[in-house]
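There is one chain below, alone, in structure tokens, taken in the form predicted alone.
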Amino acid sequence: MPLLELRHVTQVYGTPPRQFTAIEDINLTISEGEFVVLVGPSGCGKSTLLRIITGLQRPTSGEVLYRGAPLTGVNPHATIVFQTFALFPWLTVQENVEVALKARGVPPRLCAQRAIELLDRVGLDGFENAYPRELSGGMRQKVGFARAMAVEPELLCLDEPFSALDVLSAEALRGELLELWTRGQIPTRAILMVTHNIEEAVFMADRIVVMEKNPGRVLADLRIELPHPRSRKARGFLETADRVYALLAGQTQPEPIELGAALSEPGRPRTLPDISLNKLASLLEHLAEMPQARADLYRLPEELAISSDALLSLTDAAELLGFVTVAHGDIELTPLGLAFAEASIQARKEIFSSRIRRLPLFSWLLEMLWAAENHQVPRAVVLEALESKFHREEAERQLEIAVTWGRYAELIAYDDSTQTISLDPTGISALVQSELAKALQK
């Protein structure tokens, strides 16, 4: 019997017409002895799944079974470690661990004894009387691990536990956690971890569950047969990482599919990736210097000194704009992408402007501004319209990205003092030329 089982779990937020599906029809099992990692792009519902699994949130539909019984309320056999350290600053390290034990009704003498044992196990012996402010980020997260393990959970859930740490601290803590797990020194039956870091997932997991977004769904469930300890340079490691990147990046589709639905059409349109335009240019410049303007995706995070999640977002944006194609885990510049990489600053703006005008969200926004008096619209009006397609937080994010991209392309202007979005004079000229071209075609 599985330790945990999800059957057709779906989570929907809001009510029609402002409703969106965070995760849809999720089926997942976790058995004793497994270290399972969820990977996927931002917004695919990984953290939502953790909250449902730990009983902090009830799904809209579907079943959550723990040891074959339906889960109702908070799961008493599971605990969660968040990416932020969540320690009480007024308590010592030992007292922070004892909090979890006291909540379970453990006698004070046993609380102290067990807290000291756990702190010793995670390498914090001698820091029992220190306060969180005296510890490094890695040491504070170790306290979080010790507190989570204090209640001896059968299922330990980790929500991006290393993302708030510097590179060296994160690497050290990953190794220490794996050592405790593989040697049976953690009083838990299974571990479920959420991460954006693909290399981290391959380094630690027995299984990797790959998710996609809009809505969040399970794309693949991969069993990792690599023995521990794992070398990041080993062929098997690199092949596995390449496979996961290929699944997440997908394959370039025909233009109508890549662009997604217009805002006037039913369903949710394709979102604009939240990226740095400077980093997008850096990616294209880097590819332009590669043989045949082509690269393996899994090699790029190290070469560009960015996270795997950031790379996938940049790839998504470059693909959306027609600058790259993606297939079988490889990314290749298109002739347009090569032209952008080699162009001057102003020429890049013109290329970018011509490409974003094709995107449904921009096309809709520019039409709204063109039709408005003085070619300007209050931000609140645009935001309200976007909320018919996205939940509030995503609508705000999409509008912010659109304004940033539009400003770079010299299509859109924004006045923060009046909270007004308007057409840039250059944008007006571009739209006039576009309307003339349409008229001539008729």
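The first residue of the sequence shown is number 1, and the count goes up from there. Model, not experiment: these values are computed from the prediction.
Heads up, the form predicted in complex with a small molecule isn't pictured, but that's what we're talking about next.
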Hey, in the predicted bound form, does E393 get a heavy atom within 4.5 angstroms of the small molecule? yes
For K46, is any heavy atom within 4.5 Å of the small molecule in the predicted bound form, or not? yes
Does the 4.5 Å heavy atom contact test between R407 and the small molecule in the predicted bound form come out positive? no
Although the partner isn't part of this model, could you tell me whether P41 comes within 4.5 Å of the small molecule in the predicted bound form, counting any heavy atom of the residue? yes
The small molecule in the predicted bound form: contacting segment from 65-73, 46-54, 24-32, 375-383, heavy atom within 4.5 Å: 46-54
